[in-house]
Each structure stands twice: as structure tokens, then as C-alpha cells.
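Next up is one chain by itself, shown in C-alpha cells, the form predicted alone.
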Amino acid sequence: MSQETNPTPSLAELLDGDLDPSVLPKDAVIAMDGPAGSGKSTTARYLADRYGLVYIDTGAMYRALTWAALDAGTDLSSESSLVALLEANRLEFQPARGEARILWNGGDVSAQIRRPEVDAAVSEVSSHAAVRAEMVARQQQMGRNGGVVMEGRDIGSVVFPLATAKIFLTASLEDRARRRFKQNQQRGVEVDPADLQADLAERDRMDSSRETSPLTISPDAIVIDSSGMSLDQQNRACAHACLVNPTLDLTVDRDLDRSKAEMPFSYRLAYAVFGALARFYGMKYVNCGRQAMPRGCIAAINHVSYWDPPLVGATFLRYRVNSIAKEELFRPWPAGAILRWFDVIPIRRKGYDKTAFDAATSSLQAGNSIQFYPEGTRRAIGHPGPVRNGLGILVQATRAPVQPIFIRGSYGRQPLGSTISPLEVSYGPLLRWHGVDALLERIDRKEVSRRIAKLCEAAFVELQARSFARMPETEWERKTGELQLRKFASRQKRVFGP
């Protein structure tokens, strides 16, 4: 088997190397997360200025609501009251290169939201699920066209799971307290250093332990620990990290002619048949047209119909691809023989199937790709997820990049295309697992698998949202999805247990 056109450098080699800034696309989305006081806002503004992007301070949006709630005497523990306050007033964020302005009902509150009493209360306000849902929707709307740097607590894992670059910026508690103290001095705000450090420690605890969108390292984020760094060193390290994924993209082998030359007869036959089916049903391609799927990756695909494997498979144009399919499909003799001819690996869905995962791991380590449906069974239309932990097991064993793929319309397909159920396959950017080692130093493997699963689920949701933006969800899709939600619940319990 031929290898990629360029050797793939390690993350350490890339971070130490001399990267070309021109590889960063103009519509890049840079997601920066990290604890309070880590310097995210300062560095995010620097990155926006350096790369010609727009800076969006999501934390300022939560601070504005917190300031308004304190000013109005609103109960900070009441989710409904906070949402009502947000909906009844006009919160405007005016992004700019440099310090953005925050307006509440037309008045500039950019200074008020930085006061210590807001610092102390913002974590409680931002912990409410309904508040975060409304804010996330606004943030996604701001940044979906790209060309932004966005910072906060869950930007890489929730707001923009498909960001071009993800950075988790952290530092020791002592360094963060010292930096925050200097910031307050510059703003003319007096605060006791010991109290400030205690407040930051409490915010760390609240941000990391809250149930909704806790502060965490996204499994694909590059971790920058700036303890002991100067601001200039921190800024340059983060600027360098922004170029890692675009640089790695240049090493990916998507050459269609080379891929076709490697294919045996069985694969040529399969792609010819699958491609004819896709054309018959009027399938549209997004970010996957006429190029081969990357080698050595896990193609993670949402699942709505038995037609998903052949229709998505029509887009691969790659040899060799091992698909993973439930063992029930192998029981009739002819079906089992045919599936094995096409390199399909049987898997037992209840419990951990070591044989199947060992086979998939060996295939990935040999440079092959895997077709994988990480939800484990078909899901209701319009409701992707939950993703199960099997994907995380494969990622931790191999560190293979994941190619998120979203299929829409395979359940309601019609010859020559359907108006009630548009048929579309869309590819997202590759997910690379820069942050997994840092996570394993903090949490166990099962929890790491869970976080990889949540990120993949978020990627499916984002790809679905982009599809709905191109072609709005139809009434048939909405009603069918609602019916399937009720119908599929019992099947989930039967397949995977309570």
C-alpha cells in the first residue's frame, strides 16, 4: 500500500517548527477556551489582529446579563427569571478588532461588566442550561460564516465543534491571580490579592463541575500552559497553534487518481454500484466531491436508515475501508460472505466486543480507514446522538483522526430526488486528537471516551444545522422525526440495555 504524499509530523514537531501563516484560511474559526484569568481575552484580541479576524468575547455576553440581573435584583438561581430578563431586553455585541463594545438596551456597559461583583456571580448565571442555550445560538449565528476568534469556556466543545483551530489556554492559579490583579489595577479597581485568588479558585470549581457545558479541554484542542510565560510568549505560542491543523491538512492524501490505481475489482464494483444508486436518488455532495476520503481515518457517520452505508460509501473512493456492522447482518450465509468480501467487520452491539475493536484497531494502524456508525443504531430524523463510547475506544487506541460525515434524507429518499426529504452527504473537517493526552492526565479513559463521543455528537448537530441552513427542515422531516423519537426509545433499551 502506498503512503501519504507527505509524512505526517507530530504535534511537538509542528509547535516547534516554522509554520507558514498563509495556510490559515480567511474564513477560519479559532476557538479558545480556558479558566478565568488565563489571558484568553487578551490573546484572542491579539490573534484577531494578527490574522485579520473578528474577535468575539462570549464571556462578555454572560457578564452583561449578570450585570443586568444584579442591577435589577433578579434572583441569580432562577433560570426562568434570567431567561426572561435576557429576552425582554436588547443585548448587543459589537465585535471589532480590539476591545468590543457591549450594549444593554443601547447603553454601553463594557466597563460595568468587569467589576468584581460581576466576576463573582457570572459563573452561577452561565451555569443555567436555558441561558447557555440562548447565548450559544447567538454566538453560533455570529460566527457561522467564519473569520472569527471566539473565546469562552465551551467554544471548542459546544459552540464550534468544527472550528479550524482549538486552543485550551491555561496557567497556574497563582499566575492567573497575579494577572487579574494587574488588570484590575489598570482599570482603577482595588481588590485584595488573596480574595482574588480565592475567587478564581471558586470559579474554577464552579465552571468545571457545573452540569451544563462545564469548562473542559476539548479532546481535539491544543493545550497551551502559559505559566511563567510573558504575554508576548503566550501570544506567539497561541498564534503558532492556530496553524497546526491547516498545516496537517496539507499532508492528507486525497488524490483520487492514486486512490483509484490501488483499488481491486471488488472496490471498483462497489463504488460503481453505490455511485449509480446515489445518482438515481439525486444525492448532493458537500465538501466531498470527486476526491478520495483521507487515508487512515475513522469515518464517523450518523445513522437514520439501512441505506446509509451504500450511499455514504459512494463518497469514499478509497481502498481499503473496513466497515463495522452489527453481527446480525452476517447470519444468513450469502450475506455474511458478501460482507466479508467487502472488508466488513462484525460487531456485537451489547457490551464491549474485543474481537471487533481489535480488528478495527489493527486496520487503522495498518493505514486503512474505518466506516463507523458511532450511535450504534438508527436514530430519529433531526435528532442525532447520543454517540456511544466505542468511538472513544478506537480513538484512544489509535489516535486516528475522525472524519465526521452527516447524511440527510436517506430514510425518505425518492428516485431523482425528494422535496420532502432532501438527500445530502456532507463532510466536516478532520478531528485530530491533540488534547487526549492532557485529558488522560486528569480523568480516566472511560470519561475521555465520553467526551470524544460528545464532541462527535456536537459535530453531527453542527453539520445538520448547516444542512438546514442550505435547505430548511421540511414538515415531513420534523413530523417523522418526532414519531421516530417515541418509536426508537424502546429499541434503544432493547439493543443496549437500560
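A residue's number is simply how far along the shown sequence it sits, counting from 1. Quick caveat, the model's predicted, so the values are computed rather than measured.
There is also a form predicted together with 2'-deoxycytidine-5'-monophosphate; it is not shown, and the following applies to it.
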- Message: Check for me: heavy atom within 4.5 Å of 2'-deoxycytidine-5'-monophosphate in the predicted bound form, for each of S126, R153 and R203, yes or no.
- Response: yes
- Item | The single option of E424, D308, E375, D207 touching 2'-deoxycytidine-5'-monophosphate in the predicted bound form, heavy atom within 4.5 Å | D207
- Task: May I ask you to choose, among R132, R295, H303, R388, the residue with a heavy atom within 4.5 Å of 2'-deoxycytidine-5'-monophosphate in the predicted bound form?
- Result: R132
- Task: Choose one stretch from 425-433, 52-60, 458-466, 441-449: the one whose residues place a heavy atom within 4.5 angstroms of 2'-deoxycytidine-5'-monophosphate in the predicted bound form.
- Result: 52-60
- Message: Does any part of A163 reach within 4.5 Å of 2'-deoxycytidine-5'-monophosphate in the predicted bound form? Heavy atoms only, please.
- Response: no
- Message: Please determine whether V122 contacts 2'-deoxycytidine-5'-monophosphate in the predicted bound form, using a 4.5 Å cut-off between heavy atoms.
- Response: yes
- Verify the contact flag for R379: yes if a non-hydrogen atom of it lies within 4.5 Å of a non-hydrogen atom of 2'-deoxycytidine-5'-monophosphate in the predicted bound form, no if not. no
- Query: Hey, in the predicted bound form, is R114 touching 2'-deoxycytidine-5'-monophosphate, heavy atoms inside 4.5 Å?
  - Reply: yes
- Item | Partner contacts for 172-195, taking 2'-deoxycytidine-5'-monophosphate in the predicted bound form and a 4.5 Å heavy atom cut-off | R180
